[in-house]
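Coming up is one lone chain in structure tokens, specifically the form predicted alone.
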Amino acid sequence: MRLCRVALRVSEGYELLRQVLVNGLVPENAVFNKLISGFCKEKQYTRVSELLHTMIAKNRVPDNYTYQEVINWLCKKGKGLEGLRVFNDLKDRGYAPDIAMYTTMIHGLCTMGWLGEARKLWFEMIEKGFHPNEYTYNTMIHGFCKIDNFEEAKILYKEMCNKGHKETTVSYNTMMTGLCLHGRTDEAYRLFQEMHQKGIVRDLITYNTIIQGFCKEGKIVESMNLFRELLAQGLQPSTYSYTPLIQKLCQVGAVQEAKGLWNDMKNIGLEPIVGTHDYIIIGLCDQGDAAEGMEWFIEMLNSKLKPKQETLGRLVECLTQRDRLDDSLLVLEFMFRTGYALEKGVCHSLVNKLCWEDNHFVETCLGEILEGK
């Protein structure tokens, strides 16, 4: 019986499995594996655990593929200790993890920065006769790059090439991501240029990595040039292509250019991340444009988005300076309802401005706001 071939949602497949078990039938491992994989994607670990216990109870011993799915999911959820416990438990019970399972576990440990444990498994894997493949190498290289150990990363990279694994887009992206993570974008850009010289394809991740790296270092001209090159190559930009550019443009006072990128992003069907609104509001406030800053704030509320505390504080300050006191109080009320606090300096400035207007008005408005808090 092959339930996994039936086009059912995971929950429906699970209910069907329960009915089959009640009728005394036990499907093959592939059925359980399909459901376990589905529940892992839906982050329903309770169901995954239940299915594993059911398999064992029904003498359907979980295979390496089954456990690989579980370990992979645990690592993605940040439950590395639990994933490692399951992995070690498998070995204690006589299972022989294959290269795929070792790679999955090493990847999970490297992602969480546990390079010590990852290296132990690396050498254990080699001792058992498994030769690291390109993916395993890149996983360890990425792990060393994350902790700023580029010497070890380069040694592994050279070893990977000497073992006959070709330099690929993935391997270059791995090194460039690590370099940019630690502010070594110029080195990453040299690799970026080297890719072209060697005829290695530069994909969207390649461009996004360097664009983000340059933006972090304030090199907006270089970032924009790369963005234009990305478009010229026929690549479809992602949200992560636009976001760092919008942030940096707003920081350097080029808000109109940032808004242009925002519109381009929306026009091709991309949804900006929440923080992008904050960048634009702060950029507008830096230019003294309180009116449009308020419009973006209202748009966020209408879209059920929550601005950051820093954004709202900056907006209150700008509105106050522009004598838009009613709007200042509106934003202040939202801040208090959200649990945010206003900096003393901004608060004093607002109170002083209000006091120039009408003492009774000040007392009434602030009283209502504080009561609502």
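None of the values given here were measured: they were computed from a predicted structure. Residue indices: 1-based, along the sequence shown.
Quick note: we don't show the form predicted in complex with the DNA, though the next part is all about it.
- Proximity to the DNA in the predicted bound form, taken as heavy atoms within 4.5 Å, picks out 136-144 from the listed stretches 219-227, 136-144, 299-307, 252-260.
- The single contact residue among Lys120, His182, Arg85, Lys76, judged by any heavy atom lying within 4.5 Å of the DNA in the predicted bound form, is Lys76.
- Only one of Ala100, Leu235, Ile126, Leu81 comes within 4.5 Å of the DNA in the predicted bound form through a heavy atom, and that residue is Ala100.
- The DNA in the predicted bound form is not approached by Phe336, whose heavy atoms all lie more than 4.5 angstroms from it.
- Contact check for Gln287: every heavy atom lies farther than 4.5 Å from the DNA in the predicted bound form.
- Taking the partner from the other structure, the DNA in the predicted bound form has a heavy atom within 4.5 Å of a heavy atom of Asp203.
- In the predicted bound form, the DNA sits within 4.5 Å of a heavy atom belonging to Thr169.
- Residues are counted as partner-facing when one of their heavy atoms sits within 4.5 Å of the DNA in the predicted bound form; in 257-296 these are Ile273, Gly275, Tyr279, in sequence order.
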